[in-house]
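First, one chain by itself: the form predicted alone, in structure tokens.
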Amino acid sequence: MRLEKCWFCSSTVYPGHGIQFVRNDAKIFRFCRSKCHKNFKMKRNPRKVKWTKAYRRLHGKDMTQDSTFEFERKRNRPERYDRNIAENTLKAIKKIAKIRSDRSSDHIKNRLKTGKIQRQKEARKQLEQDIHLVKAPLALAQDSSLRLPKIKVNVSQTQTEENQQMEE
């Protein structure tokens, strides 16, 4: 039983499912569902359609390089059946699936970590700006560590004279 990949969204196409399109030059395109087939006919680029695997890989949302992807390659050479090899292969498939899921969850955590740090910085900045809403004014007056430092700006005398002339 051979599991094919959808040309558009890269999901698996099981035997007896999906649509197969053969172009004039004998190139075969397999699609998992009519949604992918219609998008192909509309000449849409899978890298620009957000729900496809190509888009997710291109924009860093899915893992692109991992040693576990090597096992998913298509092999056209038939192998002679051996019970021991088949048993070891099935055990290896389970281990590889577990490793892949662990690595993908780590990838997602690392990807979300940057957003979390940025949200914390924004929250800290918002809190510094609106500390008067959280703390009472008397508490701010007593504790100098809660106040923002005052910035002194030197203004030259010529600039103020020019401003007065413009106002008149």
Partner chain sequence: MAASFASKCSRVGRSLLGGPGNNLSGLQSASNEVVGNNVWSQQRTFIQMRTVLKVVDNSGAKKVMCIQALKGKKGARLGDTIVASVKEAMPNGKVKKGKVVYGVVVRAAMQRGRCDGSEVKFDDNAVVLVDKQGQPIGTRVFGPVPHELRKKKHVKILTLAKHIA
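Positions refer to the first chain, counted from 1. This is a predicted model, so every value here is computed, not measured.
Below, we turn to the form predicted together with the partner chain, even though it does not appear here.
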message: Exactly one residue in Lys48, Lys41, Lys35, His59 has a non-hydrogen atom within 4.5 Å of the partner chain in the predicted bound form; which is it?
response: Lys41
4.5 Å heavy atom contact, Cys9 to the partner chain in the predicted bound form: no
task: Pull the contact list for 1 to 27: residues with a heavy atom within 4.5 Å of the partner chain in the predicted bound form, in sequence order.
output: Pro15, Gly16, His17, Gly18, Ile19, Gln20, Phe21, Val22, Arg23, Asn24, Ala26
